[in-house]
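The data below hold one chain only, encoded as structure tokens and taken in the form predicted on its own.
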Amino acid sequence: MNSGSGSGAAVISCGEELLDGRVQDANSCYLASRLFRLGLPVAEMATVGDGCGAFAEVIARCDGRVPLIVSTGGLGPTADDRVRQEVADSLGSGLEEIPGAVEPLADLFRQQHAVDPPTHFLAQGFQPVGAVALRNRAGTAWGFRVELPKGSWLLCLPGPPGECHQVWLDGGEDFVRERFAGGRDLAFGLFHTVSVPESAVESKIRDLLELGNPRYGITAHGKQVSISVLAEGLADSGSAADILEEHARLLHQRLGDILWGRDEESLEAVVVRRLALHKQTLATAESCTGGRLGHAVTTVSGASEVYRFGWVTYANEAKVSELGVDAALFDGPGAPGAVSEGVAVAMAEGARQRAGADFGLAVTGIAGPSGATPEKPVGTVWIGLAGPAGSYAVLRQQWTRAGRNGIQQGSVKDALELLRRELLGLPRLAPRRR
């Protein structure tokens, strides 16, 4: 067989629920990222429904055009899960039982339902004749890989994201690395910034994005902008690891203090680690973010060493009774109101004092869509910080097109960045107005 003559890979997502928006496709982005790290960037993505022949049509179109096709979904126990049968038909073969797969499925069904399993449930333990099974330790539908008539390899993975990712890591990724990386020396790195627009980050590294080796990419996720770097070691340029580290140093030079982390690090993990290093503690006080800041901190292992208390003081009365904010800041002539510098500072100071913490971090703002005024539009957020060096607040205007959820998420990122800068002795987070 000839191998696929094109370059890159194709990713196919199967399911009517994806086409009509009932379920968000979490698999395509994940697979694209993993494939990029292996030096096999995605050349095409497609989403197909569950109709008869839809999957067969798209793999026939991709076969021979790209060396690798990875699909997700269509392997479950229902009548509309047609992937394994359509692949078998395209190969001119039938289906065969995966050794050791069917009986455990039958036992599981009997345990759950106290009756014998139907045939369509047991179909999850079958694959096209000649395929190689990919075990699913996170669910019931097995995946498989097989070579198509025109030489492309097809990897079929289950649709639920947890299962898809598990099967990929258990058997898919190693196969792709061995078959398509071809012994290439590759190294991959991610470098993260926050609270700075993507355009501002891009302007600092524009020339690097044009390089052939290493290959750069830039993506924005809310307030976070990440730069991906894929380096390949060549005889005349050194090892991939050396090239990657050279560009890591270059990015630090270009981006300075807006570069806060690398690879799988999260901003909250960086903050927790820094607090723990100096044996310092944190308390949070939130209004418009509704507990998301405290939640972000406590997702980090080891947060119990540094996180003392958290308050969600949504009502003004709660800010007064729980944090000791002066009621005069809310009512009366000339009062600045809940979304103001004074209230943000008072919330942070109240949290710090009442929790006995080294730092108090507070957020108050307008997440919308209601509650805005001409002076304080939706997305207006004050972030207050109280610490050993004093107290202050910064005004940040969040990106309102992201909606209420985006405003809350952006406010959490800004608050964590404000604290990171304080902990490292960096310049304060710059105010951002409309």
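Note that residue numbering begins at 1 and tracks the sequence as displayed. Since the structure is predicted, the reported quantities are computational estimates derived from the model, not experimental observations.
One more form of this protein exists, namely the form predicted together with a further copy of the same chain; it is left out here, but the text below deals with it.
- Of the residues given (Gln112, Thr219, Gln253, Ser203), Thr219 alone sits with a heavy atom within 4.5 Å of a further copy of the same chain in the model of the complex.
- Screening Arg292, Arg82, Arg274, Arg262 for any heavy atom within 4.5 Å of a further copy of the same chain in the model of the complex leaves a single hit, Arg292.
- Heavy atoms of every residue among Ser33, Val312 and Arg354 are located within 4.5 Å of a further copy of the same chain in the model of the complex.
- Proximity to a further copy of the same chain in the model of the complex, taken as heavy atoms within 4.5 Å, picks out 136 to 144 from the listed stretches 136 to 144, 232 to 240, 332 to 340, 97 to 105.
- For Glu322, a non-hydrogen atom is located within 4.5 Å of a further copy of the same chain in the model of the complex, even though that partner is not displayed.
- With a 4.5 Å cutoff on heavy atoms, Pro369 counts as touching a further copy of the same chain in the model of the complex.
- Though the partner is left out of this view, Tyr307 does reach within 4.5 Å of a further copy of the same chain in the model of the complex, counting heavy atoms only.
- Shown alone here, Val23 lies within 4.5 Å of a further copy of the same chain in the model of the complex, counting heavy atoms only.
- Of all the residues from 38 to 63, those having a non-hydrogen atom no more than 4.5 Å from a further copy of the same chain in the model of the complex are Val42, Ala43, Glu44, Met45, Ala46, Thr47, Glu57, Arg61.
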